[in-house]
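Coming up is one lone chain in structure tokens, specifically the form predicted on its own.
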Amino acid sequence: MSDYTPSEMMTIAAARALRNEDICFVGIGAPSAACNLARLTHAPGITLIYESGTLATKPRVLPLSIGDGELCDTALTTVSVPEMFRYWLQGGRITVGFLGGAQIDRYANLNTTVVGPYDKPKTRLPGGGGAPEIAISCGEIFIIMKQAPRSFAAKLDFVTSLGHGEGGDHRQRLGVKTKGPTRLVTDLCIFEPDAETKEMTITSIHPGVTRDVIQENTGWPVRYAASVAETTPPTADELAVLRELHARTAAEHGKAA
């Protein structure tokens, strides 16, 4: 039996994708955990930016929202939201955007708006926030999501944030010059876009996970790369740092965390 959970494997695999030199626009929740784990392990020089305008923030605990005081308290500086989006994001100064979502499709388009019909939804979700702009303006996008049939949908109920659109060169035809989603990390595996079709294709499977389980938790026929690796299990150091981060957060925020 493994000594780590699927969620820990997902967070650690996502954190490994980040580089020390990255300037990263961080989403709240799982993206924040992955980005701060990277900062506390192999990428101490990474610059983390949150939507509220905090630059080079180094939170001691994971923030509950973009308005969490921990972000301002530990940032190099805080700028206005218009400056953050117009100068930093739309100015092409951010290398990676790290996002999650309620639903994703095979081309990594994301839904964070509604489940069900827009005018009479089953569930109204938090909305896009800055994610639609992050998705088209960062150099590339990493996505972290738990895999399930309802969240990995054949067709989205609403497209909040552009991934690869309808596939192929759709982003370019829309006038979007950035790479879009280059990595999707789940609790089961890692996807990367096919070079031609841009369909998210499995390149690595986490230890102990079968292809049948992956398909059962995906709403479309899964495609695999020509060569599929097994994800390297978490190291003792990665697990210790991640668990300490979550423990500090739980002590600080209690049930809200």
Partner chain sequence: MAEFLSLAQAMEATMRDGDTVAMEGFTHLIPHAAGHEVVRQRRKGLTLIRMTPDIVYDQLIGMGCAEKVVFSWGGNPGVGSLHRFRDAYENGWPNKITIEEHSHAAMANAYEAGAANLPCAILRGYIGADLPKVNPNIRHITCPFTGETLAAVPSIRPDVAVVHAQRADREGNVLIEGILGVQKEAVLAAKRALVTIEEVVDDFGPRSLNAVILPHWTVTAIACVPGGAHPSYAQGYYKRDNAYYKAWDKISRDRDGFLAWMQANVIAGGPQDFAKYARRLSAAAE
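Not measured: the values here are computed from a predicted model. Numbering follows the first chain given and starts at 1.
Another form exists, predicted together with its partner chain; not displayed. Remarks below refer to it.
- Between the options 132, 139, 100, 167, the residue in contact with its partner chain in the model of the complex by a heavy atom within 4.5 angstroms is 132.
- Listed residues 159, 153, 145, 94 were compared with its partner chain in the model of the complex; 159 is the one with a heavy atom within 4.5 Å.
- A residue is said to contact a partner when one of its heavy atoms sits within 4.5 Å of a partner heavy atom; residue 208 fails this definition for its partner chain in the model of the complex, lying far away.
- Proximity of residue 69 to its partner chain in the model of the complex falls within the 4.5 Å heavy atom cutoff.
- Proximity of residue 54 to its partner chain in the model of the complex: non-hydrogen atoms within 4.5 Å are present.
- Taking non-hydrogen atoms only, residue 179 never approaches its partner chain to within 4.5 angstroms in the model of the complex.
- Annotated contacts: 204, 236 and 243 are all free of its partner chain in the model of the complex [non-hydrogen atom within 4.5 angstroms].
- Of the candidate stretches 224 to 232, 59 to 67, 35 to 43, 185 to 193, only 59 to 67 contains residues with a heavy atom within 4.5 Å of its partner chain in the model of the complex.
- Residues of 117 to 147 lying near its partner chain in the model of the complex, listed in sequence order, are 118, 119, 120, 121, 122, 123, 124, 126, 127, 128, 129, 130, 132, 133, 136, the criterion being any heavy atom within 4.5 Å.
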